[in-house]
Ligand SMILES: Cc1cc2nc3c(=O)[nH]c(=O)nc-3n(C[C@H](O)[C@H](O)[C@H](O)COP(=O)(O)OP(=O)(O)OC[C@H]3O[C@@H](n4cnc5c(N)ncnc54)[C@H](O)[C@@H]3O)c2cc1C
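As structure tokens, one chain now follows by itself in the form predicted on its own.
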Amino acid sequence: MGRPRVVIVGGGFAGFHAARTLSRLARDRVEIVLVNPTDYFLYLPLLPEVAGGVLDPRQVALPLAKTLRRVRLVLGDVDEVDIDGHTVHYVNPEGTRRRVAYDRLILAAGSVNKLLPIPGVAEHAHGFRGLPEALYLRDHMIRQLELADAADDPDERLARCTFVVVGAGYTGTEVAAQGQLLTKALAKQFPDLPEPRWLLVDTADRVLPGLDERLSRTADRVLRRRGLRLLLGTSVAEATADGVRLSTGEFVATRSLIWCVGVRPDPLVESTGLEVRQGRLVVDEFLTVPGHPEIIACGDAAAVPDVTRPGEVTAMTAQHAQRQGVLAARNVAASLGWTGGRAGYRHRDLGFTVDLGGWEAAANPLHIPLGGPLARAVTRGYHLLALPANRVRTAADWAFSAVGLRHTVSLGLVPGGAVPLDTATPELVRTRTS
């Protein structure tokens, strides 16, 4: 008999670290197949810096084939898992439908943009989930100021210089912070324009509502000091081509609605027919799907029991996804008899870092609250350690940005139609609803 085949669906934090760990444990005793829509692993936490013109996009996109030496990469979008037939079905980049059989399956399909039933949002908002969206947003911000400078109508000029971010969580806060600094730097080239305005909207009563209140206070203070308008306890009632109407009744004229409300598990999860909880696969503490010992799920696709909060599941964060991916690989190795027994998932968060651009950040390493340049140093140090590659180039980009050199050319490589908000996999130009 040939080697057993382990198929990993998804090359995000969970899938990437599962593949890398398993390849080191297995060596040549197993065939590892990673099915992913793109040929790179995206380091999501630094994506706002790509949109803000701080980092070259290649620094956060790590080639899978080069990084995962003993893993066979299959480019494709998985749209079906045949549980009984132990087969994964996918569509390759040329639209051809194919399949691959598995002996063990690690389902790490990740998450997609979360839409709310608000009129006009799907048509007029820009999402922020993948590299194409970050590149599009950077170009869009630059282009809006250029178009504003060329316009004669004062109302149009003000609208093009107004940017609305919906969602004051981790991503939305960083996108607003980085975007405001980019447009502020660009505005120096157009002295006749009104000062760019940034609004951060959220139904919560504070920014970073899911994190430590001390991080929230630091971020709130920094953003307000820079002139960002924080509309808390507020939501979007309607989006149009000319602006957004808020739940307060106020209409904000803008050409830039940036949607950072959150994420939901990839619809592939529910399509498997397996038991789900809040759209995530139900698994035990070993990450195994009950009744299917050959299937392990991890990351945003899995409702992993959180031992630190009895009755709850782990949050959908990169920190959990990375560690669950490593554990998934080790438990697969154990199930094949290469290592000792399986282990349950145990992890307490070590704190969070929020990059606010410039010399500002909010961090609580080991739950010690920090702000300002010290928090900035901790944040960048953490990312350099967590990056699987490109550390020197990333540090070089940071050094250039520190002296005011940002990427401020609109290349127009990603048209708006290529990054629809209602897309399950941002890297592919398609839509899918659950």
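As the structure is a prediction and not an experimental result, all values here were calculated from the model. Numbering starts at 1 and runs along the sequence shown.
The form predicted in complex with this ligand exists for this protein as well; it is not shown, and the discussion that follows is about that form.
Taking the partner from elsewhere, E238 is found to have every heavy atom lying beyond 4.5 Å of this ligand in the model of the complex. Although the partner is absent from this view, W259 stays clear of this ligand in the model of the complex, with no non-hydrogen atom inside 4.5 angstroms. Within this chain, Y170 lines the site of this ligand in the model of the complex, having a heavy atom no more than 4.5 Å away. Among heavy atoms of L327, none comes within 4.5 Å of this ligand in the model of the complex.
Of the stretches 180-188, 303-311, 98-106, 69-77, only 69-77 has residues with a heavy atom within 4.5 Å of this ligand in the model of the complex. Proximity to this ligand in the model of the complex, taken as a non-hydrogen atom within 4.5 angstroms, holds for one residue of R129, R160, H140, R323, which is R129.
Interface residues of 337-352, taken as those with a heavy atom within 4.5 Å of this ligand in the model of the complex (partner not displayed), are limited to F352.
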